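Just the one chain here, the form predicted alone, laid out as structure tokens.
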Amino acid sequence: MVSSGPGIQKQPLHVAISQKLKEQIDLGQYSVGEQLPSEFNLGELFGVSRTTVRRAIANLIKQGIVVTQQGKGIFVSGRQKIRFSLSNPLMHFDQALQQQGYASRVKSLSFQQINASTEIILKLQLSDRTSQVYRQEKIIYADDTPIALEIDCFPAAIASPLAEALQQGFTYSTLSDNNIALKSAKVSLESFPATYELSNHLAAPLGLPILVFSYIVYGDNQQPVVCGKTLSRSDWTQYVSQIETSEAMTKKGLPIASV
């Protein structure tokens, strides 16, 4: 049976069941490639209908945690998360996907000119307080799975001549291909639970942890060329970094950053 504690009562039963199964998989009760109990047996175990079980399994499939094999059953997936480097924040998103064996594409949701907020004016170092910027939202796909929502703001001088290209391609690659230098970046990483809107955009369970990678990218003369954030599914993506001591970096002739 599914626990009826305060946290469980606030969410649909199929969500509670999928979370319970995910916990069991994370704890090693079911290993990679192992078959889960049948829908009938899961229904008996949790005391729910097969319809509820199917919805719970669908949640796990969307997260990439399990896969179904026709006529055989439900199995724990062996898929590895897609890795993005914090050590190289200017790594092109599409290149990282391709290097890890995924076909990459984007779907533009919106691209419009808007009045810049005070926050965006400061981030893009705009001199005119009445400046307009271009704001874009796009979905990033790995194969056919939506894994991230990207939200960017560009100075009008950069985005206006590249409007069509930015809507069709990945941001960093589009800028680089059009001779806009990407020299450095200021980044941060945080997370929050998936909202209804994000859940719909990314086909992710409501409440799934979303990784928020925020950035300001600078070009020549330390002028910002884009600021924004990439909101990615934590069940599909992870951010990694290689940490070395100052002594090791000195031996390799690498610069040591100071704060």
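When you see a residue number, it is the position in the sequence shown, counting from 1. As the structure is a prediction and not an experimental result, all values here were calculated from the model.
What follows is about the form predicted together with the DNA, which we do not show.
Heavy atoms within 4.5 Å of the DNA in the model of the complex are found in exactly one of 44 to 52, 25 to 33, 226 to 234, 186 to 194, that being 44 to 52.
Distance criterion of 4.5 Å from any heavy atom to the DNA in the model of the complex singles out I74 from the list A96, I158, L182, I74. When contacts are judged by a 4.5 Å heavy atom cut-off, S214 does not count as touching the DNA in the model of the complex. Though the partner is left out of this view, Q70 does reach within 4.5 Å of the DNA in the model of the complex, counting heavy atoms only.
Although the partner is absent here, P37 lies within 4.5 Å of the DNA in the model of the complex, judged by heavy atoms.
Taking the DNA as it sits in the model of the complex, the stretch 11 to 33 comes within 4.5 angstroms of it through a non-hydrogen atom at P12, L13, H14. In the model of the complex, the CA atoms of R233 and V67 sit closer together than in the displayed form, by at least 3 angstroms. CA of A204 to CA of S18: farther apart by 3 Å or more in the model of the complex than in the shown form.
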